Every structure is written in structure tokens, then in C-alpha cells.
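Two forms of a single protein chain come next, each set out by itself as C-alpha cells; they are called structure 1 and structure 2.
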Structure 1
Amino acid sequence: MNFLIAPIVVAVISGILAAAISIVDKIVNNYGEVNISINGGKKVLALNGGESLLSSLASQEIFIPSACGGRGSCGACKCQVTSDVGIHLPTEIPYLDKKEMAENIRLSCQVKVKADIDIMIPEDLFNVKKIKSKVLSIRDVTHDIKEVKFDLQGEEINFKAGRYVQLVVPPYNKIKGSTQRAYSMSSKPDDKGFVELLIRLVPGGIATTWAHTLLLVGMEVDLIGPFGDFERSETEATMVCVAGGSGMAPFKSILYDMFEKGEINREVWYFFGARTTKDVLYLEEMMELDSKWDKFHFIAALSEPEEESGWTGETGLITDVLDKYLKTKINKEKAREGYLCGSPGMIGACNNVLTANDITIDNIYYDNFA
């Protein structure tokens, strides 16, 4: 009988301990009602303390951008805290420079709201909203990237081409609670009634695994946005754009927006890097746009082209191809600007090429993957 009694006793003791821990946690962490004062008191929120600043604001429909869903791994959810909330945490320091530290810029996902707090945020965040959308279509545009269109069901989203939204991922076998991930919109700003995203499968990724295996046409999904500051400038400078994979998204939005609005007198060079032909998305669409727009030039480059593919375009690393065109084909006498979308490593490498070819760092804009 002992072999039956022992597990039961352990289970009962574990249950009692779990209940005790839960009670103590509620007592110890009961901070009561606190106030969050925003932008010098322009807006004051009263709520129960104990949650992160990021989630506390979200509970009141004020959304701070967060590419990682509040895990402290993207550094996107910065805001200025003008009251005392203690020293910067080790989880914040890698994402802040000296100037930000001096101005008490904090990661809102790492700051716990324990008492009244004063913060400063950009005014345009008051226009960010959560929209309950419905999946309109899902299409494979490469072997690992899905194009997903969301019907906003009567709502509208107003944004500049290049902006992103946060996709709310519901609980499933990988996560107990919901989380969020940031994706650039590939749809045009004029298509206000729906949002299109390009979602690349990342092995083991929480959001991408869900999107590639469980997301179905007809499902209702929450989107939050718009966020971001990636956009084309209002100058006449030549645009030198570089992307790879799902980094196509903001450029698809920007380029079609420019073309449909008649902004075709501005010269644009768009470099897209991929390993093989199966990794190039929207090749036909980009080539068609190239044929219709005299000053638009699309250059795809494959680093590992298959012998049987018949590829006749550029080959090699996209940075090498970019460097070659900057030295030999893109007019050096005219002002040039860089536009990059990709991983930090890709952006760093392209920055080096652009600056080596006399495009100053303050004329380089990027959409950085978290």
C-alpha cells in the first residue's frame, strides 16, 4: 500500500504548497491602485499595480511597440520615465546608449508598476488601436514564407508605407498565454480595409510556428498598430534599397504606393538577396514593376544558385553586388539615400558598403528585425 500512499501524500503536500505560494504572492505583490501619468498629466490612468508598464498600458488600450511580445529581447518598447522607479535593470542596459540612460529611458516590459509613475511617450501612440480582423487568404510565396491577408471587418487602419503591426498570437501548445510579434505591412496604405503580412517560418519560433501550422482562413485574429518610423523621405534623392526574405514586406508597400501615387520621377534601386531561386518572392511582380517604371531598377542576386535553375541574374553576396552597382551604375553625382530591411548583421554589413561609397550614416534608414 505504501507505493500508493506516497504519491498521494506528495500530491496533497504539493497542492497545499502551491496554494500557499499563490496566497503569499497575492498578499506580497498587492500594490493596490496606482496612477500612470502620461506626458505631463495629459492622460492619467488608474489601475491595479503589479504588472509591467508595457502590459499595464496595454490593458488601458495604449500600446507601446514590442517586437518580442514583452520578453525583453528586442529593445523596442522604450519610453521615458520621469519619476523614480529604481536603477536600470541588467536586462535593459544592453538596449540603451549612454544618452538614453541619462534621460532615464526604460524598457517598459521590464519596469514593474508598483506605485504612481510618470512617463513620456510619443503622441502618435494614442492613435494605435487593436483591431479584430479575420483571415481572408493565406498563400505560400516561397517554401518558408506565407502571405497572409487580414480583413479588418469594417475597421480602417491609417499608416504610412513602411510601418508595422503587432500580430497577437493566442495560447497554443507552445505558450500558455497570448503573445505578440511585429510584422511589417506589405499592403498599401490606400488599402485601408485589410492588412497583408509576410510571415517567414523560423524553426522553433512561437509566432511563426503558429502562423504556418495553425492559422486558417476565416479565423479571427487581433492586430495592433500601426507602429514604426520606417518610411521614404520626402527628398528627391536616389533610393538605394536592400532586403532579403520577408524583408520584402515594407518595400512592397512603399514601391507600389509610390507607383500608384505617380511618384515615378524618383530613381529607385532595389537589391534583393537570396540563396536560391526558391527563396526569391514576387520576382515576376517586381520585374513587371521594373518594366513599367523607367526609374525603378530591381536587382535580385543569388548567393547559391542551382545549376539547373537557369538563373541569369546577379550571383554572389548581396553586399558585393550592391558595392559593384554603387561603384559602376548608380549616379554618384546625385544625392543618395539607403533603405535597409533585415537582420542586424545584414544591416551592419550593408551600412559598411553604403558608407564606404559616400552615403552618410544619417542618410541611411532601416527596419531592423528583432
Structure 2
Amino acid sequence: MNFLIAPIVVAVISGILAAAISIVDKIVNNYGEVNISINGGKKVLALNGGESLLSSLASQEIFIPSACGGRGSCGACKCQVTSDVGIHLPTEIPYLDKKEMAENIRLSCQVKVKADIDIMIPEDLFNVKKIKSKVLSIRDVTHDIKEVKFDLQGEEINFKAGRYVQLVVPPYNKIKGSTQRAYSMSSKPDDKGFVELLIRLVPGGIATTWAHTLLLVGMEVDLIGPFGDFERSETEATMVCVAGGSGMAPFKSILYDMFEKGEINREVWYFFGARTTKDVLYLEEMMELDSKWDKFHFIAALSEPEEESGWTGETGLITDVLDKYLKTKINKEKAREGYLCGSPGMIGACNNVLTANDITIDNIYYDNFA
């Protein structure tokens, strides 16, 4: 029986150590009740400390935009902390510029709430809510883009055309935790009981793979929103809009919203880039809008049109087509504004073309979370 003594002793010591660690953890990491004061005390939340600022706020129904679900890899969940929470962490620094560092902008997923804390957030975020929606329809609008309509089941969403929501993707297959991804709403603000999103399959993408392979009509899905500040200005300036692929979403919302509200005296040029005819979505709808609205011009350009397609529209990269129209067709005497939706690379390239054609950078608006 002597051979059992050593394992028993080890097991007892391990048990004692585990209990000690558990007790110490409860004492050391018990921060008790703390207060989060928002926007100079406009709202004060009392909660138990110890969690990240992002999840602490979410537990109280205040949602800071985040595209990675709090892993510190998107840099989206920025907010200003006006009380002392220590120096910036190495995990935050790559996402912040000098001005943001000086203003103590922080990644809310990286800041742990250990004591009372004061923060500043945009007032719009008080309007953000989590909605349990049900998938009403799923339709292929191209070979790799799905139009998904969500019924908000009696809830309403109030937003300006151009805003986005976060789609909450549940764990599936090897993906153990839930994930969030941002998608611009393609539905109109007047359709308050529904949200429509355009979801393009991204190679290796967690959310888009789920949406394209596992999402079914009738499934319940959480949406969080509205977020963002992308919207049309209230000027009379000519709108020069550029998008490709699912970047169509905010423009579909904005254009139909303008048309239905009778804002048709404003000149709008909408440049849409795709590779082939099979990559163009809503072509008929946009052409119909073009025919009904004198001052709206829809210009689709294909970079590699199929020979057999009979495509007679513009060809080439969308930036080259944009440049040609800015130089030859769009009235330079009138004020012009740029509106862009796409990847950082696409936005950078379009910014270069717009500024080279005398549209100043402060008159260019974009959402680059794509």
C-alpha cells in the first residue's frame, strides 16, 4: 500500500493549493461595485468591477462598436477615458495615433474596470440596442453576395441611411465563442421593423461563411445597432458616390431614402465597380432609379467583362472611370462631395482620385469598416 502514499500526498497538496488560489483570486480580483460615469455624469452605471470596459458597458445595454468581439484585433471600440486607468497597454498602441494617445482614447476591450471610471462616448450610442431578430428571407443577389432580411419581431430601429449594425454570429463548428461583424444596412430608415444586409462571402471569413452556409430563414439572430456616422450631408453639393460589391448597401439605403423623400433636385453620381457582369447586383433596380430620377446617374464599370456578355457599359478599374467622369462629365463649377464605401485600400485609391480632382478631403465621407 506504500505505493499509494506519494500520489495521495501530491493530490492533497494540489487540492490545498487549488483552494488557496481560488480564495486569493476571489479576494484579489474582487473589485466590488464600481461606477462608470458617462459623458460628465449624464448616465452613471453601477456594476461589479473586474470585466473589460467593453463588456461592462454591454452588460448594461451600452454598446460600443466592435468588429472582433473584444479580442483587441479590430481597433474599433475606442472611447475616451477621462479618469486615470493607467498608461496605454502595448495591445492598444498600434491602433492609436498621437492625438488619440494625448486625449487618452482607449480600446474599451483592453481597459479593465477595477475602480470608478469616467468616460466620454458619442450620444448616438445611447440609441444603440440589441435586437433579437428573425431571418425573414435570404436571396442570392450575385454568386457571392446574399441579401438577408431580418424581421425585428415588434422592435423598431431608428437610424439615418448609411448606418450599420453588428451581426452577432453564434459559435459554430470550430469557432467556440460568439463573433460580431459590422454590416451597413441596405434597408430604408422608414422600414423600422426590418433590417436588410448584404453579406459577401469573404475567403476564410468567420461571419460570412456562417451566413452563407448555416444561416436559414426562421433562425433568430441578434443584431446590435445602429452605429456609425456615414450619412449624406444636408448641403446641395453634388454627391459623387463610389462602391463595389457589398459596398452597395449604404448607397441603396441612402438613394431610395432620398428618392422616396423627394430629395431629387440634388445631383448624384453613383460609380459601382465590379469584375464581371455576374458580380453586379441590383443593376435593374439602379437603372430603373436612373430612369425615374433625372439627376441620378448610375455608372457601373467592369474591370474584366466576359466577352460573351455583350457589356456595353464602362470598362476598367472604377478609379479610372471615376477620374474620367470627374474630368469630363461632372460639373466642376458646382460644389462636390465624395461618398465612399469599401476596404481601406479602395478608399485610399478613391481619395487620391477625388482630391486630385479638387474635392477636398474634408468633403469626402466614408465608412471603412468593410
Partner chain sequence: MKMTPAMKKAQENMLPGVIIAEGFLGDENKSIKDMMVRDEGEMSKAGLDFDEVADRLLYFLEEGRKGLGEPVTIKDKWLIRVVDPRGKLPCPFEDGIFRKMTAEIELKSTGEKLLVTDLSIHLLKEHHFIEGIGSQFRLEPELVKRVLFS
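Counting starts at 1 and follows the sequence of structure 1. Bear in mind the structure is a predicted one, so any value in this text is a computation, not a measurement. For the two forms, the rigid core is made up of the largest set of C-alpha atoms that agree within 1.5 Å on superposition.
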Inset, instruction - Could you point me to the form predicted in complex with its partner chain, 1 or 2? - result: 2
Inset, instruction - Could you tell me if Lys327 and Phe230 fall into one and the same rigid part between structure 1 and structure 2? - result: yes
Inset, instruction - Name the rotation angle of the smaller rigid part against the larger part between structure 1 and structure 2, given in degrees. - result: 11
Legend entry - Cα shift between structure 1 and structure 2 at Ile117, which is computed once both forms share a superposed rigid core (Å): 2.6
